[in-house]
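Presented below, as structure tokens, is a lone chain in the form predicted alone.
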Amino acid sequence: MTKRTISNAEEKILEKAAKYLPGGSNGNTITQDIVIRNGKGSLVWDISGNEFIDYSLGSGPMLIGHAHPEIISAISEQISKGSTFFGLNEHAIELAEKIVQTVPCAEKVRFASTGSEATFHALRAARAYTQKQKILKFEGGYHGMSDYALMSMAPSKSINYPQAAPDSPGIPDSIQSEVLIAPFNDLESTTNLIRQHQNELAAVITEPFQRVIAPIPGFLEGLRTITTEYEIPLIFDEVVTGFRFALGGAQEYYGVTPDLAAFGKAMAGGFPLTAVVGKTEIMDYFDSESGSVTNGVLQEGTLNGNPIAALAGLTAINILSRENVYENLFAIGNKIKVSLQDMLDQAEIPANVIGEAPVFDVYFTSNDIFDYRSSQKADKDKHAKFTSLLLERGIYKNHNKFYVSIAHSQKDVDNTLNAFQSAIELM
């Protein structure tokens, strides 16, 4: 496998990044010494012309692959008609209809531009609906960059549940008292917390599949039962899992229907579009103009449901709706995932490859991974070394995930497994 070379042009661009961008980065946690020039299907190329099999997929949005010709054709026609109007457009309305037809919990839809916005506004709607203040989230759960979301998303030390710890400076101290933290996959502890704080809780929010940790059997079902018992809205953050695990997202895949959900990433074929979806009785709190509810919440966004992203979303969903798309996606992902585990086992390297076929990762530990704290016991240095060795072998991935697309081919699989084998030999 050809070793990556770095051209003078790429070095100069990186020098500019170091000068003009804080930390020389755009804030995202992926290797910063590569400047991506273009992508096509399952591949990306840097400015120096090095080719990589892409398992980052833009941190997930490119489920159908880069520069899909049907997406390009659709948006090219729309661009000539205008990029955004702030008011309604036909594509956004049709996309909302398609989402309601596809997603189990969706009765109405409100668009936004980022996952952070979608989860934040879902929480705001739940607080307006319940007239309560506190939320319960799970330690290690990622819900974007809002002050509420950045509570115990990646705590550096363990503290007693349900106390929350801020993950960033600049968050008001008062937010800590409004967020309760529970351990993912621990139904008994979570149930006890919900019962104890039932009169204060506006919502429970969770990734149904937390980062790459799958729910243990009965966890999501139990969470649905206890929140229903106390009439507390259950919110699924499906920014990652939406349209990736199934057309109806993780709620279809796992068979548990929340009250609200946030969708993004794969929904719009790489364009900035997200959505809050859910039950009419809660979603109507976004109607702050007509007076259909009292104390409707404000949720404006300049690019909400813009026609280019909405048309890209319609096109992406149509592509994903075709026969055998998900069967093939899961077959490719499982082949890579299972083969990686087998290779590590044969090399007698303690490791667990966990997740689902479309998104997974390896933890270098012999212990089971079932929540955030168990994941922190894995060898992070060994993981970083493995990721670096893969990059040298033409495999581009996030620091903590392999994303698989419907564009990945058997040739990609073969080359990936060769890269695994070579990297593992050096481990």
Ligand SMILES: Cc1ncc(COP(=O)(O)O)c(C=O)c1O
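Since the structure is predicted, the reported quantities are computational estimates derived from the model, not experimental observations. One-based numbering along the sequence shown.
Below: the form predicted together with this ligand, not depicted.
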query = Do Phe330 and this ligand come within 4.5 Å of each other in the predicted complex, heavy atoms counted?
reply = no
inquiry  = Just checking whether Pro233 would be counted as a contact of this ligand in the predicted complex - the rule being heavy atoms within 4.5 angstroms.
reply    = no
task = Give a yes/no on whether Val240 approaches this ligand to within 4.5 Å in the predicted complex, heavy atoms considered.
result = yes
key: Interface membership of Lys137, this ligand in the predicted complex, 4.5 Å heavy atom rule   = no
query = this ligand isn't shown here, but in the predicted complex, which of 298 to 306, 80 to 88, 213 to 221, 110 to 118 has heavy atoms within 4.5 Å of it?
reply = 110 to 118
task = Sort through Gly248, Gly270, Gly144, Pro183 and report the residue having a heavy atom within 4.5 Å of this ligand in the predicted complex.
result = Gly144
